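Heads up, the chain below is alone and in the form predicted on its own; it's given as structure tokens.
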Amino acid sequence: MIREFGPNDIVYLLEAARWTVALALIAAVGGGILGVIVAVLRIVPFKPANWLAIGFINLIQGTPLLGQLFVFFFGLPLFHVVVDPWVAAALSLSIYASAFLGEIWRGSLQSVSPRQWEAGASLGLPYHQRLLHVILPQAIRIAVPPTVGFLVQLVKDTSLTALIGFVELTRESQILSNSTYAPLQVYGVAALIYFVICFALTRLSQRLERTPHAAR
């Protein structure tokens, strides 16, 4: 039965947007934890660790996110591991994010002048203390803009999870469009919600960039 697009449908879209934000947050946290590991493996003076990280990054960045979603959702059941859309979406997005965040943070760490490493070594600091107390505070400021820029993209990438049945903003928009036959209104409201979420992240990035840091 065809019905008109109304205020209740906007509420449905706003409720679905909660799952978009929740999924993006989970992927950012999971990807961030893995990304730190990837970034460290890329810069430690140990070649096998460097090769392992490079191979992982090339594999994840060289394959489409949609394919990774399908591997987790449709591939794991072949090995008798059944996952629901939530788990498949969270795992695939976290792994996807880790490869990109790892490279962003690796670049930020390596952009700090080598003289800073030398200064830490001259004070007798071991490698891990130089990394944590000398290099990392300076790299964080450099990493803020590209990190937030990727998180904005990650929010939009959550829309692909609609293809495995995860009901977030895009999937709810598809459902409402099919029942109201008002795709322009439905997707227009959905696009506005995406814009608000991404604009808020961009403003946060600008605020963080203006925050004074002791290490510059």
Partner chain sequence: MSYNFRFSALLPYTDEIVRGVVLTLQLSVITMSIGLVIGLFVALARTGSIPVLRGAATTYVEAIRNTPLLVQLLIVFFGLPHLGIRFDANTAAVVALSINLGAYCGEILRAGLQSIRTSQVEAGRSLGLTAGQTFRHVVLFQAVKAVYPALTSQFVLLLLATSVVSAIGATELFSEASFIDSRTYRSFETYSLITAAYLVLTLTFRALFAVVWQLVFVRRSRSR
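Positions refer to the first chain, counted from 1. Since the structure is predicted, the reported quantities are computational estimates derived from the model, not experimental observations. In this text, the rigid core denotes the largest set of C-alpha atoms whose superposition between the two forms falls within 1.5 Å.
One more form of this protein should be noted, the form predicted together with the partner chain, which is absent from this view; the next part is about it.
Trainee: Going by heavy atoms within 4.5 Å, which of 85-93, 102-110, 72-80, 140-148 lines up against the partner chain in the predicted bound form?
Mentor: Checking each option against the 4.5 Å cut-off leaves 72-80.
Trainee: Please check if residue 50 has a heavy atom lying within 4.5 Å of any heavy atom of the partner chain in the predicted bound form.
Mentor: Looking in the predicted bound form, residue contacts with the partner chain do not include residue 50, since no heavy atom lies within 4.5 Å.
Trainee: How about residue 160 - does it come within 4.5 Å of the partner chain in the predicted bound form, if we only consider non-hydrogen atoms?
Mentor: So residue 160 counts as contacting the partner chain.
Trainee: Answer with yes or no whether residue 62 is in contact with the partner chain in the predicted bound form, where contact means some heavy atom within 4.5 Å.
Mentor: Judged by the heavy-atom cut-off of 4.5 Å, residue 62 is in contact with the partner chain in the predicted bound form.
Trainee: Decide whether residue 152 counts as a contact residue for the partner chain in the predicted bound form under a heavy atom distance cut-off of 4.5 Å.
Mentor: Yes, residue 152 lies within 4.5 Å of the partner chain in the predicted bound form.
Trainee: Any residue of 175-200 with a heavy atom within 4.5 Å of the partner chain in the predicted bound form counts; write them all down in order.
Mentor: 181, 183, 184, 187, 188, 191, 194, 195, 198, 199 sit within 4.5 Å of the partner.
Trainee: Look at residue 137 and decide if its Cα position differs by 2 Å or more between the shown form and the other one after superposing on the rigid core.
Mentor: False for residue 137: its C-alpha shift is below 2 Å.
Trainee: Can a Cα shift of no less than 2 Å be assigned to residue 81 between the shown form and the other one, given superposition on the rigid core?
Mentor: True for residue 81: a C-alpha shift of 2 Å or more.
Trainee: Please state whether residue 204 has a C-alpha shift of 2 Å or more between the shown form and the other one, with the rigid core used for the fit.
Mentor: Shift at residue 204: 2 Å or more after core fit.
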